[in-house]
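Take a look at this single chain in structure tokens; it is the form predicted on its own.
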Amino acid sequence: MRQFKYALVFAGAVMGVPHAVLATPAADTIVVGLSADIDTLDPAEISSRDASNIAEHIFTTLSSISVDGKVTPRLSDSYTVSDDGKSYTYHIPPGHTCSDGEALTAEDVAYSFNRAADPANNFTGNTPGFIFTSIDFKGATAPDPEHVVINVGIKSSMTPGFLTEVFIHCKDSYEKMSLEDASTKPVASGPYKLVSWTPGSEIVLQKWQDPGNFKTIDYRIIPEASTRTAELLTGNVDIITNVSPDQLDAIDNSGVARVEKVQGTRRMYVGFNQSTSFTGKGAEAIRKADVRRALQYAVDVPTICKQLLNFDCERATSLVNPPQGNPDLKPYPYDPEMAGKLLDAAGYPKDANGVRFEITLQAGRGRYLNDANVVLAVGQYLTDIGVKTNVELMDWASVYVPLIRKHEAGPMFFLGSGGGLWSALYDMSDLATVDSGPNYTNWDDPRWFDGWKQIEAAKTPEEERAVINEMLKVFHDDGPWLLMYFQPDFYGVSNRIDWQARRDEVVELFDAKLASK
């Protein structure tokens, strides 16, 4: 088994941290240490999980997804579906307001949907880029103050689940705002409002209506893993995300905090960006399916998991979380000799210097579990088979996210895409259309994209499942991702707090409370 020279660069970083609470937050305040900054709080432009987790407390939604994957009421208390399955009517009970005093009615809900879809705004966030392309959103209307009608172009049982992710905001407030103000000065429709936001440092929210057990939520941006752990162990923060694997024991043995360990649903992958805007031998090579297939054999994913993430993993076979994937697909084994043979056959033999072609692998730093070291390991594996890989690590929020949004990261890039357990189609909807926002690879294989029409035409669950399995095989064999793993999630939690982590990376704090003594 390969030993990575940088496998545990954080080891010992928290040694010597006193196990005493030095600056406990006030009883009415909960402090969360995040590993990466956010770039916007515009409800239609949000695309990162950290920003979404903060927005979840600022904005309401029509409904929510529970821990067990069920759609539960939130702003709306009920809905009906038209006979053709393409029109959803939600009831909005009266009495809701936004934080500036504006009444929140069905008209505001319709506005929230239509604003996100308005091409004049040029939004690329989760709502227009993923949700709307997945359901073929057609428009929203409010026939009266208590009913909003959401029209879609696809009949799908998944639509109510997708609609839980659209943030609702008040029309009059946002019509007066510039897009710049909307990004940084949100008007709350949920239980917390923004008090202050210091980019790269801190986001502070204050409760103005129920639910929520804490008056103040203080999010602190702490990119360095060892610093997050130190802040937790000294009592300065209550919850930290992305605990470094080498610090699990230090936290669990501290007597003041614990690690919440969950098998997450985020799909980690290395994307092959097939855009013709990338030039050079390497960029041209990864536009070929046989080259992409060869590179799958070059990376020892289970060893990366064991050494760098401190958990045993089975490599992903597709973009779908188990057990919803194709059961007939097997993970690519680590076989560098096979990788070399396939690259030879594809027309990329080694030159006199042992190099087949050169390529760039880009990644953000600090967003995912031990991400920098994982990317360096992937680059090392590829270089070992003659694919000279230049790894570029950059700031997540200010540099990398803009590249991802514009589909300009690459030609190879490392990314994680949030997933679910309630439907294979939800995970597959990252690639609902060639133009889908999350299709950061610009993949356009008709065998995959034509499959969506077959799914919509399927008359039984068995017919639908057969098409899904065929599509997942195409993805496995010729797809645009170098398949990696489903990320485990490690949260550090102060013993002061009673809170449990979810598998879907939703850090919801409404039910968090002070622990009983």
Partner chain sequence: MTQSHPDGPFIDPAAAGLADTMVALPPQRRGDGWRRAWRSMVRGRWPLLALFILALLILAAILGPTISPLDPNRQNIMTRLEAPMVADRAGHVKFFLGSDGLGRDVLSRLLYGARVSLLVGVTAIVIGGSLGVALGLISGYFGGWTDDVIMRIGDIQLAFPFVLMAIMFLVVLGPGVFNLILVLGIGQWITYARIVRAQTLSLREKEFVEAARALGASHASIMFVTILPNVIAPLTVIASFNIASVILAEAALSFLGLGVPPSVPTWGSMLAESRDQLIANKWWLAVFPGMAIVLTVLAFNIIGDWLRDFLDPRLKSNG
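Rigid core: the largest C-alpha set superposing within 1.5 Å between the two forms. Worth saying up front: this structure is predicted, and the values here are computed from it rather than measured. Numbering follows the first chain given and starts at 1.
Another form, the form predicted together with its partner chain, is not on view; read the next lines as being about it.
- Listed stretches are 338 to 346, 175 to 183, 408 to 416, 385 to 393; the contact stretch with its partner chain in the model of the complex is 385 to 393, by a heavy atom cutoff of 4.5 Å.
- Taking the partner from the other structure, its partner chain in the model of the complex has a heavy atom within 4.5 Å of a heavy atom of residue 381.
- Under a 4.5 angstroms non-hydrogen atom cutoff, its partner chain in the model of the complex has residue 304 among its neighbouring residues.
- Heavy atoms of residue 258 never reach within 4.5 Å of its partner chain in the model of the complex, leaving it off the interface.
- Its partner chain is not drawn, but in the model of the complex it has no heavy atom within 4.5 Å of residue 350.
- Screening 218, 430, 246, 165 for any heavy atom within 4.5 Å of its partner chain in the model of the complex leaves a single hit, 246.
- A heavy atom within 4.5 Å of its partner chain in the model of the complex is found for one listed residue only; from 126, 189, 229, 134, this is 229.
- Along 359 to 389, these residues reach a heavy atom to within 4.5 Å of its partner chain in the model of the complex: 365, 370, 373, 376, 377, 380, 381, 384.
- Fitting the two forms on the rigid core leaves the C-alpha of residue 400 displaced by at least 2 angstroms between the shown form and the other one.
- Once both forms are overlaid on the rigid core, the distance between the two CA positions of residue 111 between the shown form and the other one is under 2 angstroms.
- The Cα shift for residue 226 between the shown form and the other one, taken after rigid core superposition, is smaller than 2 angstroms.
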